[in-house]
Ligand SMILES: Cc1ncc(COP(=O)(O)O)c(C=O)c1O
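There is one chain below, alone, in structure tokens, taken in the form predicted on its own.
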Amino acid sequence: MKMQFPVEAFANIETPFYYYDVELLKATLDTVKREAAKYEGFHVHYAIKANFNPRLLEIISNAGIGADCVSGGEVRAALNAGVPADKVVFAGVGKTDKEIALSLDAGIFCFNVESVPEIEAIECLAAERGVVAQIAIRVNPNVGAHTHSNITTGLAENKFGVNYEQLDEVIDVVETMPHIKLIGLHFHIGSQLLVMDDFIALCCRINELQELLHEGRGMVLPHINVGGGLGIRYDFPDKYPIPDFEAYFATYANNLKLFPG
């Protein structure tokens, strides 16, 4: 698909302004849905931090895409756009009690948690409400990524997530909490990635962790959240207006060794 942005139409418009090509957005969503549908159990969420324009969120919601949020405001924006609560995931560091409470009251699908203190806060607030909160533990896989050093998030030196060597200790804590249900693992190694080798390396680490949990604890978690990171070809936006979702999803399908279910 080759597109040409109508830059000549902008000549007399005062800057700055935003131009959104809704037809390109719809074509991108169609591509995402078609490529993900080739594989059983693949679910796609849109990272609202990328753009929370209400009209765009409504189009994304109408396409059946879930939402990945990193603030209480983003959770509210997703729900207001029509994203069902059971398709909303709340990730991000530094979640406040107010944001957690909002998300619990809305009945969102899952919290992607970064630390034991965060899990303890969710347990306390869930207990007050008499509900069970579903969580996925964000694991720092210590996997490098071919992108700018300031937007890598999966190296041991990065501040995000639980170091994979500490995963057992964190699960031990979770298992003492009656209002927390561990349903998965979450990963995100960086943004603006164009080399599929980065995702293959992540798959290898995920496979290793799944085996360790299965052998050591008899545990099989039903959800593996691989985060995002697929980049945009900013150097050739007209030639490559839609990222290579075919290769992206195929990379995970071919390299992730998922347990049944």
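Start at 1 with the first residue shown and count on from there. Note that this is a predicted model, so its numbers are computed, not measured.
The discussion below concerns the form predicted in complex with this ligand, not included here.
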Q) Is Gly229 close enough to this ligand in the predicted bound form to count, meaning some heavy atom within 4.5 Å? A) yes
Q) Would Ser71 count as a contact of this ligand in the predicted bound form, using a 4.5 angstroms cut-off between non-hydrogen atoms? A) no
Q. Looking at the partner-bound form in the predicted bound form, is His43 within 4.5 Å of this ligand by any heavy atom?
A. no
Q: Tell me, yes or no, whether Arg205 is in contact with this ligand in the predicted bound form, where a contact means a heavy atom of each within 4.5 Å.
A: no
Q) With the partner removed from view, which of 77 to 85, 180 to 188, 162 to 170, 119 to 127 is the stretch that lies within 4.5 Å of this ligand in the predicted bound form, judged by heavy atom distances? A) 180 to 188
**Q.** Answer option from Lys33, Lys49, His214, His223, heavy atom within 4.5 Å of this ligand in the predicted bound form
**A.** Lys49
Q: Counting only non-hydrogen atoms and a 4.5 Å cut-off, give the residues of 125 to 139 close to this ligand in the predicted bound form.
A: Arg138
